[in-house]
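Next up: just one chain, as structure tokens, the form predicted on its own.
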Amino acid sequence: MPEIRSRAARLAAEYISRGTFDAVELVTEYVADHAVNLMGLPESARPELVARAAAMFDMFGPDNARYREAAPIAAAMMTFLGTEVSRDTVRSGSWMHALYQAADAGDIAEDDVVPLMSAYTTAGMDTTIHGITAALHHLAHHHRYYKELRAGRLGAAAVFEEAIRLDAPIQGFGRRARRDTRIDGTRIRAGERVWLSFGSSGRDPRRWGSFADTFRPGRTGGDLHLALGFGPHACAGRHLALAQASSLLDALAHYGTRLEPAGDPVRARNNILHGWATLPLTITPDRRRTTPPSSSTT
């Protein structure tokens, strides 16, 4: 996607020129702009989506204080989508426009349009943001891999896959068993709820060996984690997330010679999301590479 690579190059050069910057701010701007564009939403919708998306994930957690605080925020998000995002405001040819077309054709119910919009806006932003920032966090602490990425000996996709294996953006998700079964000696009856722990599966030494807790991009089978789901529950946006992550990581490695931590990061608090609220970094600019490729698409 040329527009993704072009925007990644421009933002990478801009943020590197600042010296020290917050990687969460960079990645949020980058991913949210793509999400708003692909979904065909008006630019005015962007602040609402960024501010409220995390609350939608809190609603998947237990009935705790965070869940109760998120409930009115999530409700406001649904109201916003139902009132501000309409046939008249979405761009023709966009994802949201396709939902209205599907409703008109009878493929989905009209009442399903807003819930599907919500799925797009939540799943399409925070998970990718946390995944890319996790990759940057690990690269900042493993200079060898940043050098290999910069030299072209390591692919950006492998860095992203390893980062989300080790730090799954969604730590777990509930499912309901469709039939009686046993998992590792534990009996599960049809209809019972189970918790699939993506975070634990990515660090299971029975699958990943004695270095399960070690960041090792490029490991054999490194893309066979569960951080992006599996089978019928595989993430529909996996290829988009990989394209976004690869473009930004490549751009940062192109314009910066060294990536380092620039302070203490702060974890984001959420019932199921795992990531950073702030991640200060410094990238030493490559003085030979100061101008990103020109493009009319931003």
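In this text, all values refer to a predicted model and were calculated from it rather than measured experimentally. The numbering used is simple: start at 1 and walk along the sequence shown.
This next part talks about the form predicted together with a small molecule, which is not shown.
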{"property": "Stretch in contact in the predicted bound form with the small molecule, which is absent here, among 144-152, 184-192, 72-80, 171-179 (heavy atoms within 4.5 Å)", "result": "171-179"}
{"property": "Position in contact with the small molecule when the complex is considered in the predicted bound form, options A140, A156, L166, A123, heavy atoms within 4.5 Å", "result": "A123"}
{"property": "In the predicted bound form, the residue from L240, M59, I272, A262 that sits within 4.5 Å of the small molecule by heavy atoms", "result": "L240"}
{"property": "Exercise: A268 in contact with the small molecule in the predicted bound form, heavy atom 4.5 Å", "result": "no"}
{"property": "Contact test in the predicted bound form: L99 vs the small molecule, heavy atoms, 4.5 Å", "result": "no"}
{"property": "Close approach of C235 to the small molecule in the predicted bound form, 4.5 Å, heavy atom", "result": "yes"}
{"property": "Contact of W208 with the small molecule in the predicted bound form (heavy atom, 4.5 Å)", "result": "no"}
